[in-house]
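The chain that follows stands alone, in the form predicted on its own, written as structure tokens.
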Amino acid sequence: MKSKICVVGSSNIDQISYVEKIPGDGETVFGSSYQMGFGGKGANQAIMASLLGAETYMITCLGEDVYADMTIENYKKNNINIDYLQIVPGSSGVAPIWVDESGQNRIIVISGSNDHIDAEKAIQALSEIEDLKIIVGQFEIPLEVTERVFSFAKENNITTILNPAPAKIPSESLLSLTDWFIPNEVEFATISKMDAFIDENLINYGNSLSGNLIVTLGDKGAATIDKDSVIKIPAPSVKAVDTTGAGDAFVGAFAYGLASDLTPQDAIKLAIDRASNSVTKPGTQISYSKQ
């Protein structure tokens, strides 16, 4: 039986411009290339999990526009179950992205239909998916929707993974419903007011959670907590072309690993490997691969 995962989250169309350097205030620069692709943190995570072999469901909300049609076709092409897709009037989500020559990105997310996902419909959908092992959430849909979905998960012994991105302060209630909390170093600093590269900070914050903490550290890999110890798992040395979507690749691969009964450390190693591979190619979902 395939590992069964459901992502409840965002779908966006990425509009990516590649430039030598990001323009300053009032400055115009010429870009080297442009591409439009499929994104949204939830969608990216679902695509990675599906690529690795999980039976993946996506609960998301799209608008009534051509972007929705494109997104639906992309989900079908990637073997994502969209039986529980929601459609609302208005526009789908979009994300203009700038990427400089070092591979670093700047992203503006315009949520559109993502802000209108219906929690009641999502919970009803989840109740119809049998043998679901993991539910993944992020912060590109309303936090109250994620909290209600995670509450359903807890009541039904389903493991929850929360990627708090873009960075917002989660409620204590949402944190109490989270089994695996996975911020990057910037999100960790925003939420905890502490430096992720100081072990004591990771231990103190990790021990304040009812669930488990993993902090992704870019090219330095990731760190997790085992009681009063920090376990650091390094990333391979690669030449970064575009870091867009690397964190989502990590979360999707980690979810697949957990659902496939890997140990948490082995799931983290798999996640680092897939995230590191993704930064060596331009684009978001198109940079993902199975191996």
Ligand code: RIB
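Nothing here was measured: the structure is a model prediction, and the numbers come from that model. One-based numbering along the sequence shown.
The same protein also exists as the form predicted together with this ligand; that form is not shown, yet it is the one meant from here on.
_I'd like to know if S50 sits close to this ligand in the predicted complex, meaning any non-hydrogen atom pair within 4.5 angstroms._
The answer is no: S50 has no heavy atom within 4.5 Å of this ligand.
*asked:* I'd like to know if G40 sits close to this ligand in the predicted complex, meaning any non-hydrogen atom pair within 4.5 angstroms.
replied: G40: yes, in contact with this ligand in the predicted complex.
*Does at least one non-hydrogen atom of I107 fall within 4.5 angstroms of this ligand in the predicted complex?*
Output for I107 is yes: heavy atoms within 4.5 Å of this ligand.
*For I203, is any heavy atom within 4.5 Å of this ligand in the predicted complex, or not?*
Although this ligand is absent here, I203 would stay clear of it in the predicted complex, with no heavy atoms inside 4.5 Å.
*Out of 120 to 128, 75 to 83, 91 to 99, 143 to 151, where are the residues with a heavy atom within 4.5 Å of this ligand in the predicted complex?*
Correct option: 91 to 99.
*What are the residues of 246 to 266, in order along the chain, with a heavy atom within 4.5 Å of this ligand in the predicted complex?*
Only a single residue, D248, comes within 4.5 Å of the partner.
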